[in-house]
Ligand code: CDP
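Take a look at this one chain, the form predicted alone, written out in structure tokens.
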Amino acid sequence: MKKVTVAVDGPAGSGKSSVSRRVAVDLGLMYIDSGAIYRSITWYVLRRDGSVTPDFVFTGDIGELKIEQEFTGDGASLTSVNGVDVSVLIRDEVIARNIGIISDNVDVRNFVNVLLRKWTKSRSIIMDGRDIGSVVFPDADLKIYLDASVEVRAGRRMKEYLDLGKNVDENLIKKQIIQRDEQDRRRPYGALVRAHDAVYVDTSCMTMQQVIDHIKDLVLHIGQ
């Protein structure tokens, strides 16, 4: 298969990360976890300043960060900052509470986009996010927009919580998903956008394996 760049966008809970990882493993692509990059910068700022405030400004030391990511054969993404493995550290709840200011900063987004584009120069990749096909890789070989109904996405999130032994209210989960969708579409930078030339895939009535197989067929077709 020739070198390809696959951009996968979609709302939270549409399955884009899980599907992209599996496709990457099966086809020998590199999966890039773009969200982990923003989490890594958030981790660095919290470690440096102790907090992330609304007046956050992108500074030179952030621009000099050496952020690296390795995708393993079993589908795991390992992220490091200046040689420190932060793969587990960036999944802490404190990161989730502070990442919004970082990921909405235009200078941070420009820095990350340059880094992501650099990583695609030498090998085939698949990457998921909100604006991968519209902003990060507008010339991607294949753009996919994964979607699913609010009810289905809420059900998937409920299952995740139940698997962790947590009980949550399904109506609350639905409300949170609707609010998240609205926020993601209204973000000043990195808004959730369906590129005009993206292949639309509604996963509401599909199993994960069916989605994976469908995406693999699309990738193999453009990779011939």
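Note that the coordinates shown come from a computational prediction; the quantities given were computed from them, not determined experimentally. Numbering starts at 1 and follows the sequence shown. For the two forms, the rigid core is made up of the largest set of C-alpha atoms that agree within 1.5 Å on superposition.
This protein has a second form, the form predicted in complex with the named molecule, left out of what is shown; the following refers to that one.
In the predicted complex, no heavy atom of residue 69 sits within 4.5 Å of the named molecule. Within 4.5 Å of some heavy atom of the named molecule in the predicted complex lies at least one heavy atom of residue 38. At the 4.5 Å threshold, heavy atoms of residue 118 stay clear of the named molecule in the predicted complex, well away from it. Interface membership of residue 143, defined by any non-hydrogen atom within 4.5 Å of the named molecule in the predicted complex, is ruled out. Taken together, 149, 153 and 214 are entirely out of contact with the named molecule in the predicted complex: none brings a heavy atom within 4.5 Å. The chain is drawn here without the named molecule; in the predicted complex, the stretch among 28 to 36, 193 to 201, 46 to 54, 164 to 172 whose residues come within 4.5 Å of it by any heavy atom is 28 to 36. Residues 180, 184, 187 of 174 to 191 are found to place at least one heavy atom within 4.5 Å of the named molecule in the predicted complex. A displacement of less than 2 angstroms separates the C-alpha positions of residue 37 between the shown form and the other one, with the rigid core held in common.
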